[in-house]
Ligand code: ASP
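Shown here is one chain on its own, the form predicted alone, set out as structure tokens.
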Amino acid sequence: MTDVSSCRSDPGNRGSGVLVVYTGGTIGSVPRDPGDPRSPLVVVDWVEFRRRTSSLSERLIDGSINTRFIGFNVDACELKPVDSCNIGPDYWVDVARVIAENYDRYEGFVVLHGTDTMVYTASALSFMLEGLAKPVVLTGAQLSHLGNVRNDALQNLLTALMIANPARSGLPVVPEVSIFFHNALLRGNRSRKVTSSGFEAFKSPNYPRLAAAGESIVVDRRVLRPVPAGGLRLHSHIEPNVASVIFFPGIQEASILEDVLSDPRLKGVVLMTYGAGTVPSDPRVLAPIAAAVQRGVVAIAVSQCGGGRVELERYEASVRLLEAGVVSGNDITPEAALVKLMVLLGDPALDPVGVRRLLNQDIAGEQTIADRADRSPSVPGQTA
């Protein structure tokens, strides 16, 4: 079904309905020792996952009709199942290519993914899949249904599949990369993981949820991105030589900031500032930042707070960053800012000036910009 060599397609694929991109994670895990539920978790392959998820099959193992069948075909491509802490740019490219190369065959796509780096992958896909007009829903679980009677996995999976198949579910098309978890559909590049154990693991601090799932699934059409005209375009070049720096009291008295910013391999940096964008007004902080920007490093300021926005023009302690050439990230999340840097810096058509210009624009719904009149049609994710 796909030319992606690292993806193993299920031989039963029909080329209709929803395509699942299976990457592993907790949702596909079971205890290593079946007799010891506390033994380390290991990930099963897709064949085993599907065998133990009866809602994906029209008939039960004895051949009788499955009254709990989801109601449409679900195909799968299995990438190497891994813990999500091991997922990075190369893996994002594989996921994006599976979607791009199977784009015309399916109503939508579900990516089963571990929770730890899910927001990074969702953000990456939002920038890599320009012109996306179909749902791409990431989901996972805090407790797998394969090894736990009480779990969040099965409902997360089934709801994500229904959102990804609007032709069958009757739901509005959600033409963007999203995360479904617990009872909420969130814009992928607006999401953050907020707890390591609770079922409501993700929040969208600066943007409303796209849909709510209770007895029924209710999509809020007002906050969806418009369906773009034209076809899908894949951006598959990613620049990994970026860094995030979180400011803390005492950073001005250490050499850490200068050590990071003076690395000749560094192409971009996310500055996780205090509050609305302040950093120490100390030459030992401001000088290395200015020197890095002059050298061609692209720097973007975001807030290390759980919500709110950066306003670099608001305080004297933040105006210095503007004077040094730092881009304001407005209300973008630190995760989306980092991934946006990676994708833009990987574009061979962009120099640092072009990257800075696009960082200051909303190109995939990732940030709130007051003035959008100067948006360029060549920006990834731009709609007509």
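Residue numbers run from 1 along the displayed sequence. Small disclaimer: the values here were computed from a predicted structure and weren't measured.
Not on display, but discussed next: the form predicted together with the named molecule.
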| query | finding |
| --- | --- |
| Options 135-143, 216-224, 246-254, 262-270; stretch whose heavy atom lies within 4.5 Å of the named molecule in the predicted complex | 135-143 |
| Asn73, Glu107 and Asn165 each touching the named molecule in the predicted complex (heavy atom, 4.5 Å) | no |
| Contact label in the predicted complex: Ser84 to the named molecule, heavy atom within 4.5 Å | yes |
| Contact test in the predicted complex: Thr26 vs the named molecule, heavy atoms, 4.5 Å | yes |
| Ser303, heavy atom within 4.5 angstroms of the named molecule in the predicted complex | no |
| Contact of Thr115 with the named molecule in the predicted complex (heavy atom, 4.5 Å) | yes |
| Interface residues of 248-270 toward the named molecule, as seen in the predicted complex [heavy atoms, 4.5 Å] | none |
